[in-house]
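Take a look at this single chain, the form predicted on its own, given in structure tokens.
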């Protein structure tokens, strides 16, 4: 097992603990991106409120902040603390999000774009936070301003040293201070634009966490703000050098190094780390199979593949073959992640076709509907025993070791790749007595929407939907993920015993009225 797999298993075990505490739908580790947006808006709203009372003049800046902190502690004071702690939380969730995507290998191939765009997001977040410390104009602000100016002066890009503005009180210009305030407002606006670009390729992007998680996060920040309000560290005085200051280690971890290393050395460190992060998707590049292919003979331009694609890799364009349809699907190879969810959405992806070649309107060349049907039939033919189970497992499911005399495993990139008609075919043609779908952990689908679309198709809420003639009690879903082997083995055994009690499947068999679309089990 390679180091990445070991770290991934450790990560999933930690996430299992969060699942137990919060439930899969509210697990904050599955909502890091959305939480980043949420904390950004808290910072923005609290910042706008504080700006109403903030005096941008250098002589009055500190006094206005002190007024908000102490005189209006119940409103502006709380807002100041929210502004501070939400900013810190933003750094935490962004860094965790980055680390998690790296461990799960969700940054290479067609996914390079959001990772690459995320690199300047880090710079913008830190520029926003560091400039925010300047405007308070206390001793910490003085230390940060002088250290930052000296660091910038190490680059030969300014006509005159910026640090000269902080030699003593009479030198610092009010215009310069106003410029710093402007930067602290302008940079977050640029950050907002880049954050939007970061998720622009994601369809149905989740930029808002679940309501319960948002309320809980906000409540925790409010409690923290009341228990440990953010305070200043005494007024800045350029005629004195601050002896002791308390650092915000989320935003200022490099600053103690300024006293030990040269500015150019630290620029080299930061620049090197930035370059490494930006180039990681190609170090090494991900080996990818062929992208989804459109077969116009079977594409009626319905647009379901476009609607279900998680990464905006499919667009509907004007028809080119003269068929009596107005549109056809077109795949962008550079955006396609080879998940096959488009095939699961295609109404022509039906294994029942006999008179013509089994070719769906859109499918993965390396796992066509023909090969998927043939693979299912071949796998089941090897089974022995009275109760036969076919397991369709995504690449992130721990399906190893499930095969036995009565259980066969067919691997697919994502459970969303499976058209409901294939489950219908497998059961009603009596190839198996039950179908088990094994996928990623709920809330953490490797392809974002595979689990959601699968459940909605089984429940008859999304086209193409599973026909009513298919007994739902013979379909079992286990969302256990990469580290959920024990859960999957246990559930597979229980499902087999339940099928034995039901007996062999008989054509025309129906489940109870209003029966749910299979049983869902989470790790």
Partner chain sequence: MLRILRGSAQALAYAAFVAFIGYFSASPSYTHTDPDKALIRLSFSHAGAPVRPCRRLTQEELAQLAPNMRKPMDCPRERLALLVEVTLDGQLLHRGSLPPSGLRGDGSSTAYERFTVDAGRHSLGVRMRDTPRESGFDHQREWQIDLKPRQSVMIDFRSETGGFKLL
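Residue numbers count along the first chain shown, from 1. For clarity, every value in this text was computed on a predicted model and none was experimentally measured.
Beyond what is shown, the protein has a form predicted together with its partner chain; the following relates to that form.
Its partner chain is not drawn, but in the model of the complex it has a heavy atom within 4.5 Å of residue 228. Heavy atoms of residue 385 never reach within 4.5 Å of its partner chain in the model of the complex, leaving it off the interface. Mapping the unseen interface onto this chain, residue 260 counts among the residues with a heavy atom inside 4.5 Å of its partner chain in the model of the complex. Residue contact check for residue 217: one or more of its heavy atoms lie within 4.5 Å of its partner chain in the model of the complex. Partner contact region in the model of the complex: 249-257, out of 118-126, 249-257, 392-400, 189-197, criterion any non-hydrogen atom within 4.5 Å of its partner chain. Proximity to its partner chain in the model of the complex, taken as a non-hydrogen atom within 4.5 angstroms, holds for one residue of 427, 146, 449, 409, which is 146. Listed residues 110, 221, 379, 135 were compared with its partner chain in the model of the complex; 221 is the one with a heavy atom within 4.5 Å. Heavy atoms closer than or equal to 4.5 Å to its partner chain in the model of the complex belong, across 147-162, to the residues 150, 159, 160, 161, ordered by sequence position.
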